[in-house]
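Presented as structure tokens, the chain that follows is alone, the form predicted on its own.
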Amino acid sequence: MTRNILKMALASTALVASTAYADDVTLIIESWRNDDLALWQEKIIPAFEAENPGIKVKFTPSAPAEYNAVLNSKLEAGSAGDLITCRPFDASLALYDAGHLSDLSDMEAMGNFSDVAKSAWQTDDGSASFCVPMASVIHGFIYNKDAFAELGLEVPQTEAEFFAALDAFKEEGSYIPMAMGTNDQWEAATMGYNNIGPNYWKGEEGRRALIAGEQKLTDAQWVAPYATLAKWSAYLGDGYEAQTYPDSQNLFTLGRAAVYPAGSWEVSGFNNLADFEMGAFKPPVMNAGDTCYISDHTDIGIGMNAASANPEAARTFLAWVGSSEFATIFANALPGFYPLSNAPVEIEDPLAKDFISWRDECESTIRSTYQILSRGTPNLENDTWGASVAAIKGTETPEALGAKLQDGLASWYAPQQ
């Protein structure tokens, strides 16, 4: 009898152990952010697993340039991970439309995000949300505080002050006034046109009017930023036409340039490279006291593979991503990438704090070409790259560039016809 009881007890213990093991779930995250591997392994995943025993998480990034192709291949083959890191707008919308991403609209955590934050990962009518917003990046200018102090310059607030500062650096000669090249093209649009442009087209007001067909790319507010970019060439240094994005990064972090047109994603990298104090200033307004607008661009979200074998565990993870705890960990582990949740987050990094402080001062918008307007051929985003380069080089007039872009958009986009 005693022996039978002992056998039953051992069997019961074995059953409990077996059940616990069987209930352990491992979630696989697909991502293009291979630079963030240590962040996930050392900070984010341990924090989640500590609160959610029985759920393990593996972060398995691909090379950024290969991510879309690799992910699509995995999804078609049925071998993709449970959680899909989402790029903003059309690439992720296409995954949802193809049935690869689940609708997350019913998740309570989605209530922690504004409509603008969710818009990057929604259907056009907003009826379905398929990725939890994770982070945005903010555009502006990073500057060398030591260089400004040497010349006794204040941080520019208006365009006149901005160009006066660049003139001072050009005349003094110790620094390239501004580090940016046109070889890779995208910087001219991303850190040029879509950086300064929102102050001209009034952020969301202009962007939404363009989508609705109520404004055109030939209107003054869309052409004027090209005229301003045309002035930049005088300050970019010799050979800027052949200068690559890494070249520009090196020129600034080595202390050879005074100003760098930037996205906040540069913060952590620049902190590790520059041996001088840096600050950031927002895109200058035309006149003192004007409302300022910043590109606070929705950049990273995360959704659930509709074919995941672990949907309950995946939703548990996504709910946690929508929490203030995740926002705080992510924002301070990866300074320059800003949480999109409504929860207040205390940012520790000084340079990252400069960027996010503008949310309290300015109206936020996103890059003008990213939602809806680059779905056709010609692609407005890619054409804006070329137009921004042409403006800087002075090879075409701002008016001609606006007309060319408008003709291209109107050729396939009905509201602009």
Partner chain sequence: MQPRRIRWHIVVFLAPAVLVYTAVMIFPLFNTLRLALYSRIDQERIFVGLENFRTLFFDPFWAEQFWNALGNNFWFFIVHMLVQNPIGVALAAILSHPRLRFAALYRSAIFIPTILSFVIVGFAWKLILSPIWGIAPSMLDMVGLKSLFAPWLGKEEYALTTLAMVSVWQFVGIPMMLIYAALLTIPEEILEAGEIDGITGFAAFWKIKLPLILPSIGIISILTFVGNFNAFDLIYTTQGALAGPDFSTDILGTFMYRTFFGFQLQLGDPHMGSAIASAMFAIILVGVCIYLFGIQTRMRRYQM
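Numbering follows the first chain given and starts at 1. Only a predicted model underlies this, so the values are computations on that prediction, with no experimental measurement involved. In this text, rigid core is short for the largest set of C-alphas that superpose within 1.5 Å between two forms.
What comes next is about the form predicted together with the partner chain, which is not displayed.
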- Message: So in the predicted bound form, is the partner chain close enough to Leu251 to count as touching (4.5 Å, heavy atoms)?
- Response: yes
- Item | Contact test in the predicted bound form: Ser92 vs the partner chain, heavy atoms, 4.5 Å | no
- Message: Taking the partner chain as it sits in the predicted bound form, is Asn382 in contact with it (heavy atom to heavy atom, 4.5 Å or less)?
- Response: yes
- Item | Residue contact check: Asp238 to the partner chain in the predicted bound form, 4.5 Å heavy atom | yes
- Task: Using heavy atoms only and a 4.5 Å cut-off, determine which of Gln243, Thr228, Ser102, Asn112 is in contact with the partner chain in the predicted bound form.
- Result: Gln243
- Query: Among 112-120, 146-154, 326-334, 181-189, which stretch has residues whose heavy atoms lie within 4.5 Å of the partner chain in the predicted bound form?
  - Reply: 181-189
- In sequence order, the residues of 341-370 that place a heavy atom within 4.5 Å of the partner chain in the predicted bound form are Thr369, Tyr370
- Message: With a threshold of 2 Å on the C-alpha, tell me if Ser357 counts as moved between this form and the one not shown once the core is superposed.
- Response: no
- Core superposition between this form and the one not shown, C-alpha change of Asn382 at least 2 Å: no
- Message: After core superposition, I'd like to know whether Glu214 moves between this form and the one not shown (criterion: C-alpha shift of 2 angstroms or more).
- Response: no
